[in-house]
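For reference, the chain that follows is the form predicted alone, supplied as structure tokens.
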């Protein structure tokens, strides 16, 4: 039964964990995917709508948001696989250091928006 599950690198080792833990891991994965989609949607909106913050700031803001959204999607997959593999091998769950990249990306987008808004107000 488990030989048909994908990815083999995760399901091919260890023993089947408690389904509640696997489902919780899956919910965490889906939460990161929702975050990724939200960041990408905001990036598209920032790129498409006239914000009045200057074209350079708008492009930088959209790029930072899009890159952060892509990193969140990668983190979702990587985090799910690492946690599932750890549970199957009865190892401690891995840390969430990659989540800090998303925090930095969102903070950077906030700084770009703040500076652009302040520069617009000053001119």
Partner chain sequence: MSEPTPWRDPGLQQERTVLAWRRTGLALVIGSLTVGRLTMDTLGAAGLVPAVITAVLAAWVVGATLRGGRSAIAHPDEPTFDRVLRDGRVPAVVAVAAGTVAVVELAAAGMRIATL
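Positions refer to the first chain, counted from 1. Keep in mind that this is a model prediction, so the values were computed, not measured.
The same protein also has a form predicted in complex with its partner chain, omitted here; what follows describes it.
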item: Residue 123: touches its partner chain in the predicted bound form, heavy atom cutoff 4.5 angstroms; value: no
item: Close approach of residue 62 to its partner chain in the predicted bound form, 4.5 Å, heavy atom; value: yes
item: is_contact(residue 48, its partner chain) in the predicted bound form, heavy atom dist at most 4.5 Å; value: yes
item: Residue 92 within 4.5 Å of its partner chain in the predicted bound form, heavy atoms; value: no
item: In the predicted bound form, the residue from 98, 66, 83, 53 that sits within 4.5 Å of its partner chain by heavy atoms; value: 66
item: Within 4.5 Å of its partner chain in the predicted bound form: residues from 26-53 (heavy atom criterion); value: 26, 27, 29, 30, 33, 34, 36, 37, 40, 43, 44, 45, 47, 48
